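One chain comes next, on its own, written as structure tokens: the form predicted alone.
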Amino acid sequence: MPSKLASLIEQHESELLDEWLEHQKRALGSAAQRISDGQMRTASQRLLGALRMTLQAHGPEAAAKDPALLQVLDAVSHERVAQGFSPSETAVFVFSLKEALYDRLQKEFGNDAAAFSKETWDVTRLLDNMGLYTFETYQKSRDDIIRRQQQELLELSTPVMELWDGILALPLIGTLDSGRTQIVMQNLLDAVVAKNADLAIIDITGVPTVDTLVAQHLLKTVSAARLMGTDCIISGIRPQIAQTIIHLGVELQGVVTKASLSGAFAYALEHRKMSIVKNSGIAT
């Protein structure tokens, strides 16, 4: 026998929507200020309409797996992530519909215990499944955003600058791990090709610690640049880092190192048989 829930929603959709919005605002409390009344109403109206249609087509047992309904839940989850809602606040969007539907079921089937029990159970299972799906989708959406932001930050934290014709500088800040090394290497090699550079300065002043793994990553980057015909200078070798490299027994054979970026740049100019001369004259 088809569920009466679909027809109940169809007959009282406007009232249900208003009651649901009130329950949402009460459940969210001050967090409701992050979303406008118009946005909340639009999202709620869209879901209520999709729920009614899928109940009419499939019944309550299969409704929670209907692609059209899941698509609406996906959209709501993505919106809530962007609006700064927490996972539990996002789940409230679905779970608060229970109260509105329970109130309506009580009015419609209060004198029929069997019908009320069946419809209540259908609502509970359906909305619990929808709420769990919304929660899981929220988590995936947030994880995707975090991964994308991390990738963007990695790319922004490895800029390659041209100090002079054919002389590049790659200042590194933060920890250098395998994933970041790949980005560093790719950015440097791309810049070598784009600028036709034959010298590159890798500055590690902003790298907090250098261990065996970090040293290996640096050597891999230097080796890759050499294969492209570009010599590398490593600058920013502080006393602590120099001692660490010695204690670790890391060999930087064939790699020019300097204590500072300015020293590395001066060496690069000297390598080009160039120099910067201070002009003490006064312009007239």
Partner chain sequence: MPPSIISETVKNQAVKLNAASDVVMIRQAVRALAVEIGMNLVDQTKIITAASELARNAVIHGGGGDATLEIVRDAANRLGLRLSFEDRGPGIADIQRAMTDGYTTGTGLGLGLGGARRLSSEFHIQSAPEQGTKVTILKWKG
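The term rigid core refers to the most C-alpha atoms you can superpose between the two forms while keeping them within 1.5 Å. Positions refer to the first chain, counted from 1. Computed from a prediction, not measured in an experiment: that's the story for all the values here.
What comes next is about the form predicted together with its partner chain, which does not appear here.
- Residues placing heavy atoms within 4.5 Å of its partner chain in the predicted bound form fall in a single listed stretch, namely 247-255, out of 43-51, 222-230, 247-255, 65-73.
- Only one of 81, 210, 172, 201 lies close to its partner chain in the predicted bound form, with a heavy atom inside 4.5 Å, and it is 210.
- When its partner chain is considered in the predicted bound form, only one residue from 241, 55, 234, 35 comes within 4.5 Å through any heavy atom, namely 241.
- Contacts with its partner chain in the predicted bound form, taken as any heavy atom within 4.5 Å, map to no residue of 81-111.
- Annotation: Cα of residue 208 displaced by at least 2 Å between the shown form and the other one, core superposition.
- Superposed on the core, the two forms barely differ at residue 70: its CA moves less than 2 Å between the shown form and the other one.
- Core-aligned CA deviation for residue 220 between the shown form and the other one: 2 Å or greater.
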